[in-house]
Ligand SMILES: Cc1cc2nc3c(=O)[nH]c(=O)nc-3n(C[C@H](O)[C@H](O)[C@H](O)COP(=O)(O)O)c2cc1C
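Take a look at this single chain, the form predicted alone, given in structure tokens.
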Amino acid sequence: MSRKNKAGVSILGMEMQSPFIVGSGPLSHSGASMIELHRNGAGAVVTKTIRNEPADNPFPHIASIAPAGSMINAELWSDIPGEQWVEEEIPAAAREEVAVVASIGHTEEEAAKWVPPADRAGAQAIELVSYDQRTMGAMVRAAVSATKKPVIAKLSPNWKDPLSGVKEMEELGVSGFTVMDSLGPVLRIDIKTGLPLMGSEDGRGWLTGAALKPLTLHYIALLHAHTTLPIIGLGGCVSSEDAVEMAMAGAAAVGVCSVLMIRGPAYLKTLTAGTEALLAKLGYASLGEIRGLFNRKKHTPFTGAPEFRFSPGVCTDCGRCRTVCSYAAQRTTSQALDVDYVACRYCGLCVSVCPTGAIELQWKEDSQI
């Protein structure tokens, strides 16, 4: 059954009811939890990563951190046996028409072992994940030879050069990419005790959520410029605006995980409705229409004389523009625009922090190359 709406997408043979794919994580720990995500509007759900041995996670291993929507976690792969996944959990989700993507890691041997039963269990696609970039090519080869279902390679920001093996993976028959995984190791310390927030052996974990978005966008746009295969953008989406940005960078679907852990599965409905409304406001019919818009635009740096535009009726005189100006050039009040153009470097920070959009920075049309 397809319940695809205006914001829905078709990717890797899956007709999804929304463009949001729930990434591998705590919320997809079982068939029942995946069904719940589907009922709340998930386009597809990626299982917790299946390996030969269940994970023994440290305690504690997840914490919400600033900025809002970000997390640090020391969680490993699935803590239930692979046999349970392929015999019970995936079939249960598939029977309820969940678009299941089976996450398999982290070695060639494990890909060869778990891809075939995951396929037979009802997974519509396979996502491969590895902590070691050198193993991904062999994993793709093993997976492609074991299934006719789409095989997705999950790229990691922890690899030395995340895009260096893309051409090889394409030649081996990979169907698409997930960009990207959590970033780490990272450290947070409880200032009341001096101890790390994570209970892992070294106190370290991995960074996920909102803080990753600029890095994720960078790699999506880079990859999109070099491949025609679909990209799932994962890492940093917490709002409809984020989803639109990821599509403009080149994502065909948008992964979400941390924000749903913080706000609950029902937030999927908010994301989908918000994305539909935002697309309409921007004048677009679908995410597909804006996919890769960033790379299609001819970006050239502005030159010439910039100038500020001010809307006094919108300004609340909050003073943020004045506070953040490193050069003491911004002196605007609610009464009038007041900028020392000799001191101003036109960095744009004042514009970016204005809560009402009262201040804008623009260049004369004839000053653009």
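Each residue number is its position in the shown sequence, starting from 1. Model, not experiment: these values are computed from the prediction.
Omitted here: the form predicted in complex with the named molecule. The next part is about that form.
Here is the short version: of V256, V115, V151, A249, the single residue with a heavy atom within 4.5 Å of the named molecule in the model of the complex is V256.
Here the chain stands alone, but in the model of the complex its contact with the named molecule, taken as any heavy atom within 4.5 Å, falls in 73-81 among 73-81, 136-144, 283-291, 159-167. Using a 4.5 angstroms threshold between heavy atoms, T275 stays clear of the named molecule in the model of the complex. None of the heavy atoms of S18 is located within 4.5 Å of the named molecule in the model of the complex. Of the heavy atoms in L234, some are within 4.5 Å of the named molecule in the model of the complex. Not displayed here, the named molecule is approached by M180 to within 4.5 Å at the level of heavy atoms in the model of the complex. Along 91-106, a single residue, S103, places a heavy atom within 4.5 Å of the named molecule in the model of the complex.
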